[in-house]
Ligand SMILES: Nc1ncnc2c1ncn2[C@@H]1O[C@H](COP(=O)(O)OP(=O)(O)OP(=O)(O)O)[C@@H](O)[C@H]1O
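One chain comes next, on its own, written out as structure tokens in the form predicted on its own.
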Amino acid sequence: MDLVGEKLCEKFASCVNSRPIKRGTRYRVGVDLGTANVVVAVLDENGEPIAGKLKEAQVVKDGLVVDFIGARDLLSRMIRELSDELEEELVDAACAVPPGTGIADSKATMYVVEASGLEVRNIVDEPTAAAKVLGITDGAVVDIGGGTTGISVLKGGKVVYTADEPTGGTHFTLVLAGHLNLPFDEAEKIKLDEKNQKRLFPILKPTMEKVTDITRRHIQGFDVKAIYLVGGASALYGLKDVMANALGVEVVVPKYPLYVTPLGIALSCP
């Protein structure tokens, strides 16, 4: 991963749910409405991360808004908190949707963001947003979100193919919950605890192989030399090796993969 992108992620991680690093003269906001989390990234006029919020939420399913009022209320609170901390009203924002999302579903995401008091300046697909942070011109970005896996293939700096299929972090948790006979929320906590991940690998490996198969189908026909994994589930122990061994290409997992897409969305705000 390009060093600038790594530093952006590290800097953003340090300011999520904390006081702003500094204030700017103009703010670019990125809103990532995820299946498991809502993330808001705020950049200054130079594209540097200065503030951010992350809240757990169940307002989106498989990349589509299923609880408009809940999403609006949660995002409104997050924007209000950020505006108070920055001592200035946030105005312009970009948002993102999974690749191939229809017009109606894209508008639903836009309406949530606008209902929170922001003006949507751009809507991008999630893996393409991630590629802006990764600084790559060739390869495939695989965004493993809560509900779906999105794939973008880049050639010469241009996105030449996108796709999105169900299977993401939620599916890993469901498999774990079924295997351990636990409620979903308890299984999610166990999954996210890094101390548990090595012993959970045999349970989660079949779902990792499914994500790998999805990726294989969608990169066929393209000369992909490297795959870049983003999204929270990308950090699961063993996933990188499962994909690299099965696909025979380099697989890169950046630090803080959960924050790559929100940053890319903010960078897409004009």
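All residue numbers refer to positions in the sequence shown, first residue = 1. Quantities reported herein were computed from a predicted structural model and do not represent experimental measurements. We call the rigid core whatever largest set of C-alpha positions still superposes within 1.5 Å between the two forms.
A second form of this protein, the form predicted together with this ligand, is not displayed here; the remarks below concern that form.
Asks: Of these, 147-155, 88-96, 69-77, 110-118, which stretch puts a heavy atom within 4.5 angstroms of this ligand in the predicted complex?
Replies: That would be 147-155.
Asks: Although this ligand is absent from this view, report whether T101 comes within 4.5 Å of it in the predicted complex, heavy atoms only.
Replies: So T101 does not count as contacting this ligand.
Asks: Determine whether any heavy atom of K132 comes within 4.5 Å of a heavy atom of this ligand in the predicted complex, and answer yes or no.
Replies: K132: no contact with this ligand in the predicted complex.
Asks: Even though this ligand is not shown here, does L258 get within 4.5 Å of it in the predicted complex, heavy atoms only?
Replies: Contact check for L258: yes, within 4.5 Å of this ligand in the predicted complex.
Asks: Is there any non-hydrogen atom of A233 lying within 4.5 Å of this ligand in the predicted complex?
Replies: Yes, A233 lies within 4.5 Å of this ligand in the predicted complex.
Asks: Answer yes or no: in the predicted complex, does this ligand come within 4.5 Å of a heavy atom in every one of K11, P49 and T128?
Replies: Heavy-atom distance to this ligand in the predicted complex: none of the three under 4.5 Å.
Asks: Out of S106, S83, Q197, N122, which one falls within 4.5 Å of this ligand in the predicted complex, going by heavy atoms?
Replies: So the residue touching this ligand in the predicted complex, by this definition, is Q197.
Asks: Considering this ligand in the predicted complex, which of A163, L192, I136, L182 comes within 4.5 Å of it through any heavy atom?
Replies: For this set of options, the contacting one is L192.
Asks: Counting only heavy atoms, which residues in 19-40 are within 4.5 Å of this ligand in the predicted complex?
Replies: Result: G34, T35, A36, N37.
Asks: Core-aligned, does P99 move its Cα 2 Å or more between the shown form and the other one?
Replies: Shift of 2 Å or more: yes.
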